[in-house]
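Just one chain follows, in the form predicted on its own, and it is written as structure tokens.
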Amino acid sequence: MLEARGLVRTYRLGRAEVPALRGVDLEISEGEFLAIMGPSGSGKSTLLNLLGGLDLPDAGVVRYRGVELSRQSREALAEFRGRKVGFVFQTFNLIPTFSALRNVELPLVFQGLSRRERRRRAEEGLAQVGLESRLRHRPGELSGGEQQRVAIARALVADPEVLLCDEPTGNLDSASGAQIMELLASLNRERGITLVVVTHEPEVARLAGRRVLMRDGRIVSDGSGEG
């Protein structure tokens, strides 16, 4: 489903060059639950951004179902991100002045759907994450766990095939984090959504069927998440 070959990405800070990825190869199968682990600065988030088309590599290729992302137009990449991939971030990235409902509706605005259809799908999405009674609440009126559930509903509302999550429990207490991870795991288990989670938490990674460990911009191990 997703394939990375020889990925290289270097960031330039003034005159300094900071290598983030140093030739990464990775294949992700449809319906897989993959955890990407490693210390800060190992390249986890950079890899996730390249897999989702949020950034492009300096060298190497990312293919989605055989289509090379770097060869796509800006419009085609936006279409890919809007319809095929859902993103969940550590910082929630909700619009503070919007209600939960409007935050979840937002990705659908760019798909040309009617207001009625957007509302219906957003309500369904919030119900799927257990927030049907919190539609009108703004992010500041919700707990951290509830805000992340809104972010997950927003990621799911366009019915993506892949869900890319960057430290989704990083800003949550342990109980809320466990609930969020069970929700994500159930989406993978029951709906077959391909799930890729960047995390530094072993208890999160243990839920995955496969673990990849990164260090210094390279994958140093790749195997079963069991044990």
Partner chain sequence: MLDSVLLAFHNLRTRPTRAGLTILGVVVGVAAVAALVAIGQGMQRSVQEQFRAIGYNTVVVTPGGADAGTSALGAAADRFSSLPTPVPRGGGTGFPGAALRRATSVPLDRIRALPEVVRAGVIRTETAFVTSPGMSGLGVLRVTGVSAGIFDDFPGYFPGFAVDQGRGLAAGDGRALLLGSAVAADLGVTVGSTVQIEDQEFTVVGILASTTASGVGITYGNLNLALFVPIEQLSTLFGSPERFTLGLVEARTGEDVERVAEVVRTTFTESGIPVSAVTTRELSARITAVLGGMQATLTAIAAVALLVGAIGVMNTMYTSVLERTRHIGVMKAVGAKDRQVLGLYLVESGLLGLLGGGVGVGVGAALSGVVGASVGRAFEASGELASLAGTFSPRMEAWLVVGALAGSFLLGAMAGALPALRAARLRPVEALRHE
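Positions refer to the first chain, counted from 1. Remember, predicted model here, so these are calculated numbers, not experimental data.
Below, we turn to the form predicted in complex with the partner chain, even though it does not appear here.
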request  = Run the contact test on Arg81, Phe87 and Arg118 with a 4.5 Å heavy atom cut-off to the partner chain in the model of the complex and return yes or no.
outcome  = yes
inquiry  = With a cut-off of 4.5 Å between heavy atoms, is Arg134 one of the residues that contacts the partner chain in the model of the complex?
reply    = no
task = Tell me, yes or no, whether Leu106 is in contact with the partner chain in the model of the complex, where a contact means a heavy atom of each within 4.5 Å.
result = yes
query = Using 4.5 Å between non-hydrogen atoms, is Ser143 touching the partner chain in the model of the complex?
reply = no
key: Contact of Asn49 with the partner chain in the model of the complex (heavy atom, 4.5 Å)   = yes
request  = Tell me the stretch among 54-62, 197-205, 174-182, 29-37 that has any heavy atom within 4.5 angstroms of the partner chain in the model of the complex.
outcome  = 54-62
message = Heavy atom within 4.5 Å of the partner chain in the model of the complex: which residues of 72-104 meet that condition, in order?
response = Arg74, Glu75, Ala78, Glu79, Arg81, Gly82, Phe87, Phe89, Thr91, Asn93, Ile95, Pro96, Thr97, Phe98, Arg102
